[in-house]
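Here's a solo chain for you in structure tokens, the form predicted alone.
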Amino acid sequence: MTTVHGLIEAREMTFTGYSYALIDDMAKREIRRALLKAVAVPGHQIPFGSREMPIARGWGTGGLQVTLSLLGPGDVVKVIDQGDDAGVNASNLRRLVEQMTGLDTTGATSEASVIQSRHRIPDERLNERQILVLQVPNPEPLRAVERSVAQAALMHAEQDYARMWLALYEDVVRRGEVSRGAGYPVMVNHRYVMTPSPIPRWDVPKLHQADALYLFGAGREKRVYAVPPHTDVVPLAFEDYPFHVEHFDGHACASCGSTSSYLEASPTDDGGLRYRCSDTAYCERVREGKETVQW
């Protein structure tokens, strides 16, 4: 399994004059120390000195810094954008990783040791040898109920999440259910409320007692946090209004026929909707008849 310590070794670089994986060694050490703290305290936000990257803030600088700080010889990298390997964000970040490390990249989830993702967890089950890095635009789950950063930090320290529960209750009163979609708040290790990045509710149960290590990077907010393997991650919900994932009313993927993956709808010429798997790599494996292990 790829570890946080001791990953960067001397290696022939694609671009001379640049540190391996673009980030200088001192920055890598700082980010790794922050990641170690994050792994030791699951769900707790750890500050770090976010560096300028050759992409705009808001396009995944935090996740990219975490990924580049972890990579070492022998790693295989997969980059996806909302499940799509060929998305603009994914393609550009993948090209940057290839150029600055010389590492192999892949579209197959099972072949990757480090997976960087924007807003999706692959539909194929991850194993104990893999690390999933998620890009996070806003790491603070209390932002909607408390605008003060200092007060939100105090509320986390005191485990005072009454306002969060009140916001969920108001949601139920107004809409008849907890209507929060992407970034649904979760309780990690019975201690910290965490936002799991803007992943759909469909992916939230994959965090609970998972085999893989999940790392979250927010470059603009200068925060990292983590969910280590085999950690309890429970969505916030009421007993009489339980948490539920998205449903697709029995629809299947138009490409592979899957009914057990997260689907995205697109309009057809006749005014209807066509459903396809959000995870393009999973969809391709199903079409090719290859064995897949789902969650």
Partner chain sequence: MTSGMPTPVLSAPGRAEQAAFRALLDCMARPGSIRQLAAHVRPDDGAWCAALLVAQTLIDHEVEVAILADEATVERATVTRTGSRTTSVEEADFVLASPAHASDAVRRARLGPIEAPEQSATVIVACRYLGQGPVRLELSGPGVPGTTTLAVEGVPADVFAALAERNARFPDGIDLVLAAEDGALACLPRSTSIQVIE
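Note that the structure is predicted; figures quoted are calculated from it, not measured. Residue numbers count along the first chain shown, from 1.
Note that the form predicted in complex with its partner chain isn't included here; everything after this is about it.
Proximity to its partner chain in the predicted complex, defined as a heavy atom within 4.5 Å, holds among R180, R143, R191, K222 only for R191. The single contact residue among D160, E111, E98, D171, judged by any heavy atom lying within 4.5 Å of its partner chain in the predicted complex, is E98. Contact annotation for the candidate site: R33, L71 and A153 all lie close to its partner chain in the predicted complex (heavy atom within 4.5 Å). In the predicted complex, at least one heavy atom of M26 sits within 4.5 Å of its partner chain. Under a 4.5 angstroms non-hydrogen atom cutoff, its partner chain in the predicted complex lacks I80 among its neighbouring residues. Taking non-hydrogen atoms only, G102 approaches its partner chain to within 4.5 angstroms in the predicted complex.
Although the partner is absent from this view, I46 contacts its partner chain in the predicted complex, with a non-hydrogen atom inside 4.5 angstroms. Partner proximity in the predicted complex, defined as non-hydrogen atoms within 4.5 angstroms of its partner chain, places exactly one of 183 to 191, 196 to 204, 116 to 124, 81 to 89 at the interface: 183 to 191. In sequence order, P228, P229, H230, T231 are the residues of 220 to 250 having a heavy atom within 4.5 Å of its partner chain in the predicted complex; the partner itself is omitted from this view.
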